[in-house]
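As structure tokens, one chain now follows by itself in the form predicted alone.
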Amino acid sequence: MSLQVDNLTVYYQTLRGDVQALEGATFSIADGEIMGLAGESGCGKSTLANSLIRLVPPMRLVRGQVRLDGEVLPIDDARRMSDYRFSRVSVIPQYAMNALNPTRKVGKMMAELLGSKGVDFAATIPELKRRLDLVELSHDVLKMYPIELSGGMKQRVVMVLSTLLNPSLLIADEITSALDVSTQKAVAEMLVGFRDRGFVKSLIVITHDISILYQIADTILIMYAGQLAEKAPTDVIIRAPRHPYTKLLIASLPEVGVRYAERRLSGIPGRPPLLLDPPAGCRFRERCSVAFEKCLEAPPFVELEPGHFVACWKELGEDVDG
């Protein structure tokens, strides 16, 4: 098992109180698995990702534990986690195209990063050039400043930089959102190639674009308002979801070849709750058409079928008197 997250709960400290951004997350990712992470804006996707690599104020670890390849990660200790970042767990950050230092040439940045990890840059150059070839970048980018690169080129430079030390877990946070469709497809295929070539063991791919996950993800984890809703193989999430929120989310997606006049797109009624004071129990219950009294209690995230986890009292077989 590559990653095991147990009861991970993370809040943001504010003057108005704690924003309960991530509550009781428990899931695992197997060796070689590409897990997509999806949900509405503000549902906690990036909070979950950041908690696995760099949990800093105003983020606060309330409880929970993270294991990577059987070893407990000191996620609440930024200094100790520096030994794991890039080498064991790495991230392609959201807005990665702005993550490069504009005053440094690409090669210089890579040399400084590797030097901070005690790695000889000169010794890595043959492998670095091979990886640039794999992402279809000229070796000349090493002598260029970020401003000289296109958006897609910057994205691929960051992908190479983030995987150069062969981390066990790679987190890709909204890396296709600012790219054109053809570049999105190329970047997504490169992520799969990194896994297949053993550059990384497992991946978490965060995106609003479920069509991207349908192409590359082995499983999809759906989040809502800081809670886990459902995790299953990708085809199951798309074709046979069990959680009411997942059903509505998938139903709101457009279908290829279906005209607006034939079927209007429908959104999900209501709005997500404010996480400064979220409702008790299932946080989706106020928007859920099948909610009942039991939903005032938080449902457990249970494996209903092999590899299919759902947090919903109805799906657990609870009735009104249960």
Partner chain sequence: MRRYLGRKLLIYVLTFFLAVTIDWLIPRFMPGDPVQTMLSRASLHAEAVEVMHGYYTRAFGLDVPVWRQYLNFWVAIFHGDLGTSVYLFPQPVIKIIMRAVPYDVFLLLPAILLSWFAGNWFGAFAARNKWLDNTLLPLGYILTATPYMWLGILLAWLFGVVLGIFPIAGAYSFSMRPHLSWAFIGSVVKHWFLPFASIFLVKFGGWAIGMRNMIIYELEADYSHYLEALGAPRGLIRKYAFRNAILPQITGLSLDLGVIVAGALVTEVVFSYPGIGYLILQAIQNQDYFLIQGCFLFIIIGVLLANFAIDIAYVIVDPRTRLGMVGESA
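Positions refer to the first chain, counted from 1. Bear in mind that the values here come from a model prediction, so they are computed numbers and not experimental data.
This protein has a second form, the form predicted together with its partner chain, left out of what is shown; the following refers to that one.
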| task | With its partner chain left out here, work out from 161-169, 180-188, 214-222, 123-131 which stretch has heavy atoms within 4.5 Å of it in the predicted bound form. | result | 161-169
| message | Does any part of residue 85 reach within 4.5 Å of its partner chain in the predicted bound form? Heavy atoms only, please. | response | yes
| Hey, in the predicted bound form, is residue 53 touching its partner chain, heavy atoms inside 4.5 Å? | yes
| request: Flag residue 104 as yes or no: does it have a non-hydrogen atom within 4.5 angstroms of any non-hydrogen atom of its partner chain in the predicted bound form? | output: yes
| Exercise: residue 93 in contact with its partner chain in the predicted bound form, heavy atom 4.5 Å | yes
| message | Since the partner isn't included here, can you check whether its partner chain sits close to all of 99, 112 and 116 in the predicted bound form (heavy atom within 4.5 Å for each)? | response | yes
| Position in contact with its partner chain when the complex is considered in the predicted bound form, options 148, 136, 140, 235, heavy atoms within 4.5 Å | 148
